[in-house]
Ligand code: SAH
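First, one chain by itself: the form predicted on its own, in structure tokens.
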């Protein structure tokens, strides 16, 4: 049968795709339907038809799924942030558990390991300690601040995010008011003109300290002194800065930061470890779940106090310092210099003296270290190697170096179970075995899930 755009069909939604889209079939022809949920019976309008599959949108919900719930956010259907807010939280957790299991089996060909039930949240709202609001203009030149619509750079105007902090609204209001008062233009992605690009907001939940960083396409922000005075009226405001980003493209932050108020960082705590966080540093967005995530990583490492540990993609040293309290020595590697500065400061303020940090790409620093030791007639080894890479996973050169260093354990922390499965499958072919996996729901109402995996060396 020939399926084409704008055709309407009644279908049963059977499953949920990796991006949160409902999956249904018409006589074997697969449709991926945005905003549809397993158990829904819907009328779907085809928006794009390929030979063997197509994409569709919901025209009408005939029978809603038992797991369908009313979203808290008015923009849930349009915003690209929360892809599955209409799915009950219990069903969200089931979906994420299944996603991790399926990826490990299908991509990594991994079997015979212990899978723990996913760790969810009691209150899955207002958990994010970070927000990045894009700033733009509507067709009439009015300032728009909000969030990107799904898979676009079209801004949905909103000053409220129900998974974010309450203070976001006040910051957005003050920045918008400042721009209007002084005629400051928003950045235009097409022309490359305009000044204000993004508003970055962070809050340290343990201390209540708040950071605001305005990303600008200029060397300075007009009348920034007046904006600083207004922002300081918000309780907890501790750090205010400008980030200079004159590059075209979708990278949010540039490399240069101009400090307007405070010491250039805020201080937070995970467990009993203090962390200084700068605007450019990576820091997990869900502090309550981060504690559970890192505690699991520490448990999987199984440290006794005598181990040498490498922590790759260490950020500001969050996992490194957790490990250092229980290891002989820890070496952390991170590409962002400011993050390494934070990591070194964090070691000092926590009186941790057995951790050292290196600036550079993990896939370059560790192999270079291994080769240098080899030239000196020394085989570089480690007892435990921890990796927490970006979504793309680990570079093949890095995985080979890890194998060559023969650690007893590899603890793999991942925000993408597909690349985790790929890398873990590679390690299983080179002397390691996945023994235990712990999914953690760091991102309720989204399709993303964090995973901690313990691999043990089985070949001498």
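Residue numbers count along the first chain shown, from 1. Quick caveat: nothing in here was measured; it's all calculated off a predicted structure.
The form predicted in complex with this ligand is left out here; the points below concern that form.
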{"property": "Close approach of residue 284 to this ligand in the predicted bound form, 4.5 Å, heavy atom", "result": "yes"}
{"property": "Contact test in the predicted bound form: residue 390 vs this ligand, heavy atoms, 4.5 Å", "result": "yes"}
{"property": "This ligand contact at residue 360 in the predicted bound form, heavy atom, 4.5 Å", "result": "yes"}
{"property": "Partner contact for residue 342 in the predicted bound form: this ligand, 4.5 angstroms, heavy atom", "result": "no"}
{"property": "Contact segment among 191-199, 330-338, 301-309, 260-268, judged by heavy atoms lying within 4.5 Å of this ligand in the predicted bound form", "result": "330-338"}
{"property": "Contact check for 294, 313 and 318 against this ligand in the predicted bound form, heavy atom at 4.5 Å", "result": "yes"}
